[in-house]
Every structure is written in C-alpha cells, then in structure tokens.
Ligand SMILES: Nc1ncnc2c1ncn2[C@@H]1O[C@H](COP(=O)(O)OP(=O)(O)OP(=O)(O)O)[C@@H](O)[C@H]1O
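Single chain ahead, written as structure tokens, the form predicted on its own.
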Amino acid sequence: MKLTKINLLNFRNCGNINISLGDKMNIFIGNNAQGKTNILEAITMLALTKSHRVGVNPNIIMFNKKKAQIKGVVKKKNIISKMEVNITEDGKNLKINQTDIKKVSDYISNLNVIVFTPDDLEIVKGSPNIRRNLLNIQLSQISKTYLNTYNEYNKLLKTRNEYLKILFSNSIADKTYLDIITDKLIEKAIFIYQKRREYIDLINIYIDKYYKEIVEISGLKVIYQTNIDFDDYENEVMRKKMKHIFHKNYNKELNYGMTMYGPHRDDFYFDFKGNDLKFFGSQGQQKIAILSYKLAEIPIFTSICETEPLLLLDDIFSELDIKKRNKLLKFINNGNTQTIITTTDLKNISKKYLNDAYIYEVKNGNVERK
C-alpha cells in the first residue's frame, strides 16, 4: 500500500499544497510551527477520518475559510483509489473515487496507517482509555467486523447504563429487559475480548525483537488486563463467566448506575523483565517500548491485510540518540514500508539513508521538494 499523492486545501496553515510521495522514505524538514505535523495529521485524517493529535486547537479549517479538504491517491495491489475528506463546520464528508461514503466502517482500511509521535509517551503513562483507543484504532483498520461490533457494543452499553438508572429509581421496572440487553452485550464483549487478546499475542511475537535491535537488550512484552479473570477464551466459558459476574454484581451496578465489567474497562501495560515500565522504566525506555510496539504492528498489518501500512513518524529523531536513530533508519530502509518522517534538520543522518529518500522543505505551510 502506497500513498502516491496528497493534496491539502485550507487545512490548518496549509492553503493549497500538492505533494507526490516516494514509495519508501519521505522526510519533511523545517522549523517548528511551519506545518510539518499538520501534513502527518492530514494523512492520518485521510486514513482514519480523525486526528491523532490530542489537546490540539480544534480549528482544522484555515481562518476565514469555510471548508478544508484532504485528497489522496492510494495504490493498493495495483488498484488506484482516490480518497477524500471534506471538513466543514457541520462535520465531515467522506468519498472514495468520488462516491460518497456514509459509514465510517466502509471507509476505514482503504489506507492503513501506524503513527508514532512524541505525545505517544502517554500510551505508557496516561489513562487506560488512551491504550484502549490505540487498540480500537488499529483493530478497526484490520477488521471491519471489529469496528462494527465495537460500535454496537457501545450502543448497548449506553442503553444498559440508562436502564440501570431506571431500575434504581423505579422499583416496579422490569428487570427482564435488562437481562435481554445484558445477554446481547455479552455476545459483543466476547468478540472484542478475543480480538484484543489475539492482537496483543501477535504484538508479543515481534515487539521484543525490535526492542532488542534498537537498545540491544531483550525482555519486553505487553500484558493484556481485563477486569474479568478469564481462565479460557472459548466462547461458552466466557459467556458463562460474564453472566455470573453480572448476576453477582447486580446490586453494585444498580447503585452506581453503570456497567462496571466488560471490555470498556480493559487495559494493557508494557512489562520489561517482570516490571511495569510505567513505574520502573526511564522515559527513554518507555519511548523505545512504544516505538517497538508500533514497529511490531507493521508485520501484523502486512500479514492480515496482505499489504504494508504507512508508517508516520513525527519528530522521531529528537526522541532518539544518534545510534538508535540510525538503527531505526536501517530498519526502515531495509523494508518495503512507505515511511513519512518529520524533522527539524538532517544532521547526524547517514547519507546512505538519504540517497533514495524524498526530501521536502516545509515553510509557512508551503512544501517544496529538495
């Protein structure tokens, strides 16, 4: 999978730019606040319909403009697709080959992306919701069924929570309806649990290999945590366990007015030689662990989707010393994954990695191929 062209119109500080991308390494250089990260954000939105950036000014549309537009040409198994995201104050309009796409689940997966940014340190240090969101984004790109099931689960979860509040305040309300909702919720939950566990099992096949290649030390793995202790992930075993948990904790959930058990309470953590990196790892270790996690996703996507994802690395060089930086570049250069990198300069990067790279200079929202 390759993104061959991207066009931005009135997207943040990018007025109207057209970029042709190389098949392998693409490097965008420029000072801070010139628009480098905006380009990566636009590619992410083209793929996922939403930004990867948290806590950033929501004004995606350029000042005094009514609409922003992102267009991209994607080559996947010799099939060319034209993707388009139009953003107005009323929302987003999605198109593929000039045809309106109404459902996000029909749009996502046409362009698969893996993104690493300096803010990703929050994957280790932040709330469980950040880690769940990471799992959901990646699994949704891989499986349309997962995305649809996850959305259905959230609708059922909202309904169940609302009915728990009704039962608490109305003693004559019918609990039978809650049982029906609970059974439906359990079926969706089982699928989500299984897919998340399978995905993390796949991550653990690769993550320590990449971690060792970068830091020359092994011992990293990811531990999946659920708030229901499953001895077995077989459907009937899980179904029986969840029914027991909901029955046992009915009064507790009634008092709180919310569903307290299920995949919406999932978490995972990075384990290095028996220690949680959140508490026992340096910031450098944490960053390399996250980067290793993202690199581990490349062979997973490639195997399941039968095509390589795009790797987006925002300001990656400032996160690594020279030795680790060149080990990462060696990995990228030896593979077939299209990579888009932002950086403030090209210092301390071996020329052998720049020879075949497409290099662009970004200044005041304009892009020029060097």
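Quick caveat: nothing in here was measured; it's all calculated off a predicted structure. One rule holds for the numbers: they count along the sequence shown, beginning at 1.
FYI, the form predicted together with this ligand isn't displayed, but the following is about it.
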Quiz item: Does Asn333 reach this ligand in the predicted bound form if we count a contact as any heavy atom within 4.5 Å?
Solution: no
Quiz item: With a 4.5 Å heavy atom cut-off, would you call Ile61 a contact of this ligand in the predicted bound form?
Solution: yes
Quiz item: Hey, in the predicted bound form, does Thr302 get a heavy atom within 4.5 angstroms of this ligand?
Solution: no
Quiz item: Just to confirm, Asn31 within 4.5 Å of this ligand in the predicted bound form by heavy atoms?
Solution: yes
Quiz item: Quick one: of Thr337, Asn26, Thr44, Asn38, which gets a non-hydrogen atom within 4.5 angstroms of this ligand in the predicted bound form?
Solution: Asn38
Quiz prompt | Position in contact with this ligand when the complex is considered in the predicted bound form, options Gln69, Thr344, Thr307, Ser51, heavy atoms within 4.5 Å | solution = Thr344
